[in-house]
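Quick setup: one chain, the form predicted alone, written in structure tokens, and binding and motion questions come after.
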């Protein structure tokens, strides 16, 4: 059996300017542009091996050891686009194997909880598109490929770049101008760090897709957000990143997180992604910044209760000191590369000492690179997932 294969990893990205709402459900075209930070794959990544063979009888996907359906419209759209691009490559060189006509076996693994508000679908579709693009030896650049990843999961388009990434919403009905572009690479601001408080690793009550539809259909605040608030913020956020102005970046990040959750709350019936622990973390960060007399930490929450706290490495002792003071009993600190005793144990009056009970894990990470080709393969010589 001849099997062709390629493997790629892809990162999680966390939006600092949120995408929420679609103007075209099928093409995953957003109602507003967005900006995100790509996180390090050392801590959060999807590894995907894509393979094809004339001997495979159907397309198959295994995710975290479990056979999953590839029949969804989203998955089919991605595969059709990638096969179409491969057909163009084959048409130019008749000596190439007709990989576009072979069925695919795709094996994918996350090193973090799936569907818990940690952008697993973004990393997943970015890794899938990246791995198949490598398998097919496609000449397209990452912005072009981001248009395909977008059809799988909107925010997946941003996971095709490292550093700071903008997803330009575009105007065209066919989505050809709705793509991800780099705002600044990892090397521009390498001292940006993130601490993630995993508040819940359960699947969320309201999936993002249905939540967006509900908000677009019922929220009065939503139109104001997409026409007035976000376009202005989009330009301000890009400027703050290019200027490495953490205080402005932090203010915009927190305001946009609050604005996003406000339109969720303004949906009818309301959508609650934040829980009591999330709200306590918000208060904690605001009080830390007040005590410092300047903004040294910023929270953001996607469609889930997990807190992502951004800070610059220069303020690590204080920001992580605060988090360690209240969450030292939670798993994850063993990965901290320095001595925790050097952190400033900052206290904030009025904080519930039991706040740590609402958090299952701390993930300490930093800004990271986009997809990486790897020789690590998840597929055996029969075209099936490797066991163990």
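All of these numbers come straight from a predicted model, not from anything done at the bench. Numbering follows the first chain given and starts at 1.
Missing here is the form predicted together with another copy of the chain; even so, the following discussion is about that form.
This chain is drawn without another copy of the chain; in the model of the complex, the residue among 100, 75, 267, 208 with a heavy atom within 4.5 Å of it is 267.
With the partner removed from view, the residue among 235, 93, 71, 220 that has a non-hydrogen atom within 4.5 Å of another copy of the chain in the model of the complex turns out to be 220.
Not displayed here, another copy of the chain is approached by residue 276 to within 4.5 Å at the level of heavy atoms in the model of the complex. Another copy of the chain in the model of the complex is approached by residue 261, whose closest heavy atom lies within 4.5 angstroms of it. Interface membership of residue 137, defined by any non-hydrogen atom within 4.5 Å of another copy of the chain in the model of the complex, is ruled out. In the model of the complex, at least one heavy atom of residue 251 sits within 4.5 Å of a heavy atom of another copy of the chain. Only one of 142 to 150, 82 to 90, 279 to 287, 166 to 174 places residue heavy atoms within 4.5 angstroms of another copy of the chain in the model of the complex, namely 279 to 287.
Along 215 to 231, residues 220, 221, 224, 225, 229 each place a heavy atom within 4.5 Å of another copy of the chain in the model of the complex.
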